[in-house]
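In the block that follows, a single chain appears as C-alpha cells, in the form predicted alone.
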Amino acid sequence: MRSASLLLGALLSGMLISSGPAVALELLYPADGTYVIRSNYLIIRGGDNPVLDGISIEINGIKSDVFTVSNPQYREAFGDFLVVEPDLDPGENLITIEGYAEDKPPVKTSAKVFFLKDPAAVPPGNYRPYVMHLPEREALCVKCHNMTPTAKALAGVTATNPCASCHARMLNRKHVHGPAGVYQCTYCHDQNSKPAKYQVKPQSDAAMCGDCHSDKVAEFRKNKFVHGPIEAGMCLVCHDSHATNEIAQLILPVNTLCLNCHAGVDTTVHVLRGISSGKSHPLEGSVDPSNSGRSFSCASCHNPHGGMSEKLFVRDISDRMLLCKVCHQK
C-alpha cells in the first residue's frame, strides 16, 4: 500500500510549535492549488486547536497508518510538525489529513496538489507554483533553520551551506551541475529578491548560462542554422540547472526530449532513401557507431544546438550522404 512509502521525515530538522493565536491542522507544503516537480515532502502543521496525538494521511483514497506525534521526545524535537515523504501520482492528487486528539472528534483538512513528474510538461492553468521563501512561511522554520544567512555563509562550498539543510537531496542524481554541486546557489538565485527570497535572477537563461558557458556561446554563433530553443535563449527547456540522471544535464532522455516537440518522427518513415531493407532508419540503439561512449539517439545525427545544414547535422556536415558516411563506410 502507499502508506508503506509514507516515511517519517526525521531527516529534517524539527520546527517550532506556534505561539500566539490557536491554529488548526494545516498542510503547509505543498499548499492547496499548487504544483510541485518533486514528490519529496509533505510538511504538516498539527496545530494546537486541539493539540493532536496522531495524524493520518490519505492520498488519492489510500490511507496511511496513524503517525503518533504526542511522544514528549518527538514534541521536543519536532514540535507540532510532521514531515513525511509521500508517494504522489503524476497529475492531480487529493491529499486528506486527519488529526486525532483524545476524547475529541477528528479534525480534517484536504488539498489538491498537482505533481508535474514530466519536467517538460505544463501544469493546468488552475495550479500555481509553490513559493516557500516568503516571510510568513520562513517564520515557521526559525527554531532549527537559519532563515537569514549571511552572504558569506551562502558562499560556502560544502554541505554546511544553509541551502543544503533542505535542498541537498536535489543533487542525488548521476550528473550534478557544477555550481549546484558546490552550493553556489546565489550565483543564479537572488538572496535579496522580494517578496520571496531566492528567486531566479532576472537575466534570461542564455545570459545567465552564457556567463560560464562562453565556449558554447561562441560555438552557437558559428552555426549557419540555429535550433529554435537556442535562438530564443531557452536553455532550461532541455537542461536541468541542478542535477539529473541524463547526460548533458538533460531533463529527459535524449529521444524523449526531442519527440516532445518533434512528435510523429518515430511513427513515420525516417531516412529511408539508400537503405536496402526498405525499413526506416532506427532512431535509437545500444551503441552509437560514431561515438562508442554513448547510445545511438537523435543527437547522433542532429546537433541539438545548431549546425551548417537546415537539418542541423552533426560535425558541421551539410550534405546528407556525408552524414551517412560517418557510420556507413562502404
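From 1 onward, residues are counted along the sequence shown. Bear in mind the structure is a predicted one, so any value in this text is a computation, not a measurement.
One more form of this protein should be noted, the form predicted in complex with a small molecule, which is absent from this view; the next part is about it.
Site residues 189, 235 and 296 are all in contact with the small molecule in the predicted bound form, judged by any heavy atom within 4.5 Å.
Although the partner is absent from this view, residue 208 contacts the small molecule in the predicted bound form, with a non-hydrogen atom inside 4.5 angstroms.
In the predicted bound form, the small molecule stays beyond 4.5 Å of every heavy atom belonging to residue 50. Using a 4.5 Å cutoff between non-hydrogen atoms, residue 162 counts as a contact of the small molecule in the predicted bound form. Using a 4.5 angstroms threshold between heavy atoms, residue 68 stays clear of the small molecule in the predicted bound form.
Residue-level contacts in the predicted bound form: of 157, 94, 101, 131, one residue has a heavy atom within 4.5 Å of the small molecule, and it is 131. Listed residues 111, 107, 116, 230 were compared with the small molecule in the predicted bound form; 230 is the one with a heavy atom within 4.5 Å.
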